[in-house]
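Okay, so here's just one chain, in structure tokens, the form predicted alone.
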């Protein structure tokens, strides 16, 4: 029997608010344990929660950025369950009246087409505390750090529209881009500001039935989400083919063993309306103000850039995958750099150098103005591409202007044909075999000769002049062979 997977995602995104959701404690979970606490986020009896405006606004921007419809009325419930990281016994969440309904993201389906993956709803909730396990001593101890307790979250719950690990991964990458564009979170799975649970089931292909699902947790990268889903599909298929039933439960992904393992039975506690947080009522005017705060979103920006600069869709999507990259590119163009040159130098030189140094484009020590000055030297022929790459690397460690770095390092391009002709003749005399290969039609040998001439010039020769001189010498019969 042929099976197909039915997959839905639950994505928790931590909002980058300065304070927690229901109190004024700093929203810095990574600080020294239990430093950022008060009676409200310690969940002490009698402490009254107060919803922060910043959390509501950022959650609204995420909802609108994902195409959702903000609801005129939403409210918090007490989601009842008890774990050591939630000692009050319930979590404030929006189970019955979520902030937003609908929305979705269109992705490439990997088969040359497009597919829209729908969002069911987006709701707000408080984060729980963090358990820290100390197993070094003679007696293992579990500790609770309340710094994260009450941190503001949104949970994005999708429809079960996904049919493959690829679709889930593409959706997560597109969602992460959109949330970063609206400035509500950095969505780092490494740092835990985006956490993903996957609900997976299988059914006979062609069926519309929804079968028993299994929830998988503990995936800290987009790649791990894909790997965990692929493993779970295979595990469930083997279970069904062996005549056994798939049991509703929660599993953990082990990235080292590349397998899922049982965690606990699936438990759904009751959700009752919370009397302490007032109902949220959003006026049409407030919603319109939030919509006006949305930036140009990545799909629209990519379409505009592709049309304006005659880029392919793939090139434009590359530039617009991160807002800071798109802003840097457009700043370069405003500085007078040709769009194609700006794209090439960002993709092949600037962004790899920033990744190596773990620096965001918005914080680059080589800003658009400085890079534009360097590319101006290249466009005017004052440096060659090799020297320009060397200057760029030096610019990361120096505040000097590119021209000053060129002069100090004697990196000016050598274009004097008479001087370069002597180097060309010298290299031809040293490599007669390469000359013979070229005259026999083996054109790749000319690249070897150009490389040798560039080396002999200390990397300063003008490659265009060198190529012209080589063609002159070889076509006239000069040189050995």
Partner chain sequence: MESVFVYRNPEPAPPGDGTLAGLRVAVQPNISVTGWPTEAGSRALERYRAVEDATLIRRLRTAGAHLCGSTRMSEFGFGLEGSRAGESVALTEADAELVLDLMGECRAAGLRAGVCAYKPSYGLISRLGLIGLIPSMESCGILSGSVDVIRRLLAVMAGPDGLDFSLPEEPVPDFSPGACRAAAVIGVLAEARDSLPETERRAFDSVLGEIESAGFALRELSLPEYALFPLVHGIVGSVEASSSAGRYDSVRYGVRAPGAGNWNDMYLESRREAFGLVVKSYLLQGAFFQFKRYGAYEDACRIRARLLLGMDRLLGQADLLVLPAPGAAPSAGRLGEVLASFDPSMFANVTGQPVLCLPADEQGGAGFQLAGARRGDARVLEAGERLLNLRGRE
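Since this is a predicted model, take the numbers as computed values, not measurements. Residue numbers count along the first chain shown, from 1.
Just so you know, the form predicted together with the partner chain exists too; it's not on screen, but the next bit is about it.
Asker: Would you mind picking the one in 273, 295, 403, 255 that has a heavy atom within 4.5 Å of the partner chain in the predicted bound form?
Answerer: By the 4.5 Å heavy-atom cutoff, the listed residue in contact is 273.
Asker: Considering 183, 386, 269, 102, which brings a non-hydrogen atom within 4.5 Å of the partner chain in the predicted bound form?
Answerer: Spelling it out, the residue with a heavy atom inside the cut-off is 269.
Asker: At 4.5 Å by heavy atoms, is each residue in 51, 80 and 88 next to the partner chain in the predicted bound form?
Answerer: Heavy-atom distance to the partner chain in the predicted bound form: all three under 4.5 Å.
Asker: Spot the stretch among 299 to 307, 389 to 397, 276 to 284, 225 to 233 with residues whose non-hydrogen atoms come within 4.5 Å of the partner chain in the predicted bound form.
Answerer: It is 276 to 284 that comes within 4.5 Å of the partner.
Asker: Is residue 120 near the partner chain? Define near as a heavy atom within 4.5 Å, in the predicted bound form.
Answerer: Result no; residue 120 lies far from the partner chain in the predicted bound form.
Asker: If we define contact as a non-hydrogen atom of the residue within 4.5 angstroms of the partner, is residue 39 a contact of the partner chain in the predicted bound form?
Answerer: Because a heavy atom of residue 39 falls inside 4.5 Å of the partner chain in the predicted bound form, the answer is yes.
Asker: I'd like to know whether residue 44 contacts the partner chain in the predicted bound form, with contact meaning heavy atoms within 4.5 angstroms.
Answerer: Within the cut-off, so yes.
Asker: Using a 4.5 angstroms cut-off on non-hydrogen atoms, would residue 84 count as touching the partner chain in the predicted bound form?
Answerer: So residue 84 counts as contacting the partner chain.
Asker: Heavy atoms within 4.5 Å of the partner chain in the predicted bound form is the criterion; list the residues of 94 to 108 that meet it.
Answerer: Counting only heavy atoms within 4.5 Å of the partner chain in the predicted bound form, the single contacting residue of 94 to 108 is 96.
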